[in-house]
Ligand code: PHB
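In the block that follows, a single chain appears as structure tokens, in the form predicted alone.
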């Protein structure tokens, strides 16, 4: 097979890039090692910045988002038994939209299917070749046969554990990483959210987050030790621990129910520099990971994809290579600011096992300053809704 851009990974980043390229008349093929059902079964975040909403509009897949998405003008920070609202819209004039990543993926899959563009699912033994030359090649096995895709460029959108970054020689990239000594135990339930907006709770027993996917489906998280296993947490144990970390107002309003899904996600900060290697471009989690505290993962992937799509469009339609040449530097400027914010939010709200009494007091002072200072609240709001693209 022959295409202009081979995209590795059919998650939201790969699907969004494919849709944007198809609408620009740029031929592309997506290669995914998993089945469509597996991809849709991944439970991920759902806080969308305006840049992500705009990207989905440009891709022509925002109709259901506008019908079902929940626009949030603020968030709440809870500590010392009280909730404090950060009014995002009043502070910076922008909001965020709650719409699950699973639904984003479903909308993009439906659009790609309707357009008749090619996605190869359940591709085994995917490997990337010759991306340091003008003739890159993607090889994979399907139905027992080895197949090849010749292309001009490869876009690696296959996540942290994918083959794209692993195909790059170690001495060609620089890795920055911090692994946190805890994870998030998440529970999804068919219950109404405990509040109209997200509640971030800092407590001596650990961090908790009250989130949602819709007006009838809730997502809750607990900070747990890295050694914990989800199967050791019964629903009853989860709800009891969550209540213990919430302020009385929130705890009394909590509606519990059977879990639909329960899992533990490790937390890490990770950046790979650069994000281009010859004709191979990395985007999304293939190039960077943020702890979910700042709600930046999917949004960073969307801004990467927008920049990459604009670069390909400039190259193919206007013979202008500046967008592709500047892709890595442009994306990394935004990536590092999001890394900083996500690290700060994580440090502010979580309990670290090696924290001493002084560190705990500093955390409390920071929280007091945050909710008591308009300047501090504005800085949080500006970063939370997303820095300029």
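Values in this document were obtained by computation on a predicted structure and should not be read as measured data. Positions refer to the first chain, counted from 1.
The next section is about a form of this same protein that is not shown, the form predicted together with the ligand.
(request) Would you point out which of 324-332, 58-66, 353-361, 43-51 contains residues with a non-hydrogen atom within 4.5 Å of the ligand in the model of the complex? (result) Contact-bearing stretch, as computed: 43-51.
(request) Using a 4.5 Å heavy atom cut-off, state whether residue 293 contacts the ligand in the model of the complex. (result) Flag for residue 293 set to yes.
(message) Is it the case that residue 303, even though its partner is missing from this view, gets within 4.5 Å of the ligand in the model of the complex, heavy atoms only?
(response) No, residue 303 is distant from the partner.
(request) Verify the contact flag for residue 211: yes if a non-hydrogen atom of it lies within 4.5 Å of a non-hydrogen atom of the ligand in the model of the complex, no if not. (result) Taking the distances in the model of the complex, the answer for residue 211 is yes, it comes within 4.5 Å of the ligand.
(request) Answer for residue 91 alone: is it within 4.5 Å of the ligand in the model of the complex, judged on heavy atom distances? (result) Output for residue 91 is no: heavy atoms all beyond 4.5 Å of the ligand.
(request) Heavy atom within 4.5 Å of the ligand in the model of the complex: which of 277, 233, 221, 270 fits that? Just give me the one. (result) None of the others qualify; the residue that does is 221.
(message) Under a 4.5 angstroms heavy atom criterion, identify the one residue in 149, 86, 307, 198 near the ligand in the model of the complex.
(response) Flagged contact: 198.
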